[in-house]
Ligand code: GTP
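There is one chain below, alone, in structure tokens, taken in the form predicted alone.
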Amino acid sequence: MKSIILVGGEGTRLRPLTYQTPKQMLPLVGVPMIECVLETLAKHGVTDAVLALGYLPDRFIEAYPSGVISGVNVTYVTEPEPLDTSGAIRFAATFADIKETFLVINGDVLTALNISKLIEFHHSHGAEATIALHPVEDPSRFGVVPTAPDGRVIAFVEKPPRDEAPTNLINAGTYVFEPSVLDKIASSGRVSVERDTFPALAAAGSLYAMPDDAYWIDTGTPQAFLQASVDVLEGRYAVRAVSGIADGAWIHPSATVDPSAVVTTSVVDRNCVVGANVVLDHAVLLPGAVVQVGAKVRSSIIGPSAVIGSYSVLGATCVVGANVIVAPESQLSGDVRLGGV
């Protein structure tokens, strides 16, 4: 089976980390997230995938010039202009000449969803399209999907107020499509799968959905990216088996960490330097980051080759961009974003 993976977004909620790197190429405990996504697909028999690129497409192509990611053969398709989700799906499927049932995956979602079960559900219900659903405490940030007892989608409610949501089951970003869906997507311009395609299919009675409570997280915010990293460290995202986790932390072999540093539930990626008496707690240091003597970094993300000055204190939730230098003895906390284009 083939899959289309949507990776064209600009990752605005993760800026400044995404000014130079697409969010799916950000490393999750040492491995780009796109590899985690494709590793999951490979376990369910997906042999070929189309990466629907838009933002910084060369970052993907340069990283995987062989066209193979996690054992899956990959075709790169770059949309000529922003086409939104449905537009990107149609453009990629047309380019790859997809003529059979196929998967569509949001590339910034990590999940342990049983994709094989989703495909079986899709076929057994004679659906034209099927959405994987996931329960959440607050559905207001997502597309909410109420269904009939047989799984047929009654409506598709995009980001309702929390107290008006008809259900807590939300669109989890994994779909099964029949090729006939492509004929119902406009061939040009921006078309949204959430606001245009799904409501039309629901009205026609051909859209179904399957609930699943397997591990799932949308990594598109700093808080979620940090949580996903912690989930890998603590084994909740069981799709990835990571070696070298010690005392709840992962430190790349090339990193230098002073013996006096206290590192708990944190990621220290390749070529990072952690000085004496540093405290890292629920922190992620991306490749080449430096934390100087006596600094404390909690619930924050330090970008590639950034420098945190000595005796600085960073609290939830600071995001420091690539190559940014934070002055010694800085005191930062809250929704702090440092770094530009």
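Please read all numbers here as calculations on a predicted model, not as lab measurements. For every residue, the number given is its place in the sequence shown, counted from 1.
Keep in mind that the form predicted together with guanosine-5'-triphosphate (GTP) is not shown, yet the notes after this line are about it.
**Student:** If the cut-off is 4.5 angstroms on heavy atoms, which of these, 20, 12, 333, 323, is the one near guanosine-5'-triphosphate (GTP) in the model of the complex?
**Tutor:** Here the answer is residue option 12.
**Student:** Have a look at 153, 268, 169, 88 for me and say which one sits with a heavy atom within 4.5 Å of guanosine-5'-triphosphate (GTP) in the model of the complex.
**Tutor:** Contact residue from the list: 88.
**Student:** Mind telling me which stretch in 74-82, 126-134, 208-216, 223-231 gets its heavy atoms within 4.5 Å of guanosine-5'-triphosphate (GTP) in the model of the complex?
**Tutor:** In short, 74-82.
**Student:** Whether residue 106 contacts guanosine-5'-triphosphate (GTP) in the model of the complex should be assessed with a 4.5 Å heavy atom distance threshold; does it?
**Tutor:** The answer is yes: residue 106 has a heavy atom within 4.5 Å of guanosine-5'-triphosphate (GTP).
**Student:** Decide whether residue 302 counts as a contact residue for guanosine-5'-triphosphate (GTP) in the model of the complex under a heavy atom distance cut-off of 4.5 Å.
**Tutor:** No - in the model of the complex, heavy atoms of residue 302 and guanosine-5'-triphosphate (GTP) never come within 4.5 Å of each other.
**Student:** Answer yes if any heavy atom of residue 52 is within 4.5 Å of a heavy atom of guanosine-5'-triphosphate (GTP) in the model of the complex; otherwise answer no.
**Tutor:** Yes - in the model of the complex, heavy atoms of residue 52 and guanosine-5'-triphosphate (GTP) come within 4.5 Å of each other.
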